[in-house]
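What follows is a single chain, given as structure tokens, in the form predicted alone.
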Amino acid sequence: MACISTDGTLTESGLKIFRAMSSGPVSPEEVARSTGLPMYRIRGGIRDLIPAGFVVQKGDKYQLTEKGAAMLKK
């Protein structure tokens, strides 16, 4: 998973994505604007983070789950 390293910590891009989602539901475009990361990285990260239980979709926006928020605090 591109946002989580093999040792279980957030990668640099993962940290940016998690921080962008920490204040509530955001669109992928909003995450890209606030992080400076390309859309393909945002979409790929979200695609990996949803089944892992870190992110949940709310309509056309995404936000961290409790598990995702806990990961951000590590």
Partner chain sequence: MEEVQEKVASLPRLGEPAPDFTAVTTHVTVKLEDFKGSWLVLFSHPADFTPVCTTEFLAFAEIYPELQKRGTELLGLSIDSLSSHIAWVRNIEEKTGVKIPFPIIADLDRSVSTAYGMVHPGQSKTETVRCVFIIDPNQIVRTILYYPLTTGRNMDEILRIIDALQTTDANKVATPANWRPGDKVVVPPPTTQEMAEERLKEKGYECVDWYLCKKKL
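These numbers come from a predicted model, not from an experiment. Positions refer to the first chain, counted from 1.
What follows is about the form predicted in complex with its partner chain, which we do not show.
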* Consider L72 of the chain shown here, and say whether it contacts its partner chain in the predicted bound form, taking contact as heavy atoms within 4.5 Å. => no
* So in the predicted bound form, does any heavy atom of R33 sit within 4.5 Å of its partner chain? -> no
* **Contact set, 40-61 vs its partner chain in the predicted bound form - heavy atom within 4.5 angstroms** => Y40, R41, R43, G44, G45, R47, D48
